[in-house]
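Encoded as structure tokens, the following chain is the form predicted alone, with no partner shown.
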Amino acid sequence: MAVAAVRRLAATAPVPVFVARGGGTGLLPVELAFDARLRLVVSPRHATVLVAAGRFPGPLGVAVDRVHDQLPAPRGTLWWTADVDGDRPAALRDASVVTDADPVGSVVALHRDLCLGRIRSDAAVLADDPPNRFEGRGDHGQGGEGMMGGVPWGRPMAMTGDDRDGLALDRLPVVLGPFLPGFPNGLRVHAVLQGDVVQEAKLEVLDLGSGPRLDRLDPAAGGAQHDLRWLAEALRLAGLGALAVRAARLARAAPAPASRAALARLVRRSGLPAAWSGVGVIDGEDARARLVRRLDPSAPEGRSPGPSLERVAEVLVGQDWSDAVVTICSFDLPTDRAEAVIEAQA
């Protein structure tokens, strides 16, 4: 009786959702944030439903498979796509498919069925093997080399190296992305960290494929819609959830200049522009300047082309990781997120 009551309560709660953005979606999925029936989470380990939005060819499909298996049971998957004939990685083979502009009803129904035991939880799609083989290797069969080196127990060993202050600290190689909040679609960062400071960085964009798009924009308001979706993403990243919801709601409607101006005033008062001041400076412009330009309702087309991935990687070196994420978020990097605007303006 008690377990059944808990299940019924869970079924009526907002659905914890992790969104993996693939090709052909741009920033459209951020509009899910304004629906009170959903709660977008930043880690798949906090989610019940995985919403895989768009196309997932090649390595991007491998990445979504890995994310899928990180969701705790009971878990379910919904594929939100305009290209049902596209690549379907293992995590999406048995997923519910939604081609509508609004998948929220399907997400809620999937969550309810999982909580009430009407359907089974998704099984894992990958073998339970470590990404780095370590058994039987090294001096003691643990994958390491004595006290240092190797991949002991499957994890890369943090080796010491000089930092910017002349101290010898651990240097940890990591691969981050391609579904991190604030990252453009398909972006993956190969970095070496000392503490939370980036010592080396290389950016790559995984293949996003081609085909029908989910995020068709109104040619008359394409730039404004894109900027509001970007702003909602930036506000979520900064922990300003209420403002993020407001921006996402405006992006879904036809955004009037007066409404955008009112939102811009609230964002300025939030302190976010000051927090971004001096971060990610390229060609004399910092993240604050890029944010302020997007807040201007009289200049919806005020974006400049984003810098190359190589230039952004150079700027990341020496930054704290939090500033590095802000730097990445502040640009329209040459990935899928800007294509819909280009199409709408053509």
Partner chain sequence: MTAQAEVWAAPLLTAGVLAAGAYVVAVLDAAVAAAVSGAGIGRSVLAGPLRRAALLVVQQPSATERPDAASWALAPALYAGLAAAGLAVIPWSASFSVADVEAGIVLWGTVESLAIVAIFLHGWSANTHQSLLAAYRFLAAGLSYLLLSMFVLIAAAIPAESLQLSRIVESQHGLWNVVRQPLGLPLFAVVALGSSTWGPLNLADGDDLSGGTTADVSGRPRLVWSGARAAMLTSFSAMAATVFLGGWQGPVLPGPAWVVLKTLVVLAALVASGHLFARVRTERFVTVCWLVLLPLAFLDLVIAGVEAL
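Residue numbers count along the first chain shown, from 1. Computed from a predicted model, the values in this text were never measured in an experiment.
There is another form of this protein, the form predicted together with its partner chain, and it is not shown here; the text below is about that form.
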Single option in Ala82, Ile119, Leu172, Ala101 placed near its partner chain in the model of the complex, where near means a heavy atom within 4.5 Å: Leu172
Answer option from Pro257, Pro72, Gly105, Gly136, heavy atom within 4.5 Å of its partner chain in the model of the complex: Pro72
Touches its partner chain in the model of the complex: Arg236 (any heavy atom, 4.5 Å): yes
Gly211 within 4.5 Å of its partner chain in the model of the complex, heavy atoms: no
Heavy atom of Arg229 within 4.5 Å of its partner chain in the model of the complex: no
In the model of the complex, Ala275 touching its partner chain (heavy atom, 4.5 Å): yes
Its partner chain in the model of the complex - contacting residues of 225-246, heavy atom within 4.5 Å: Arg236, Leu237, Ala238, Gly239, Leu240, Ala242, Leu243, Val245, Arg246
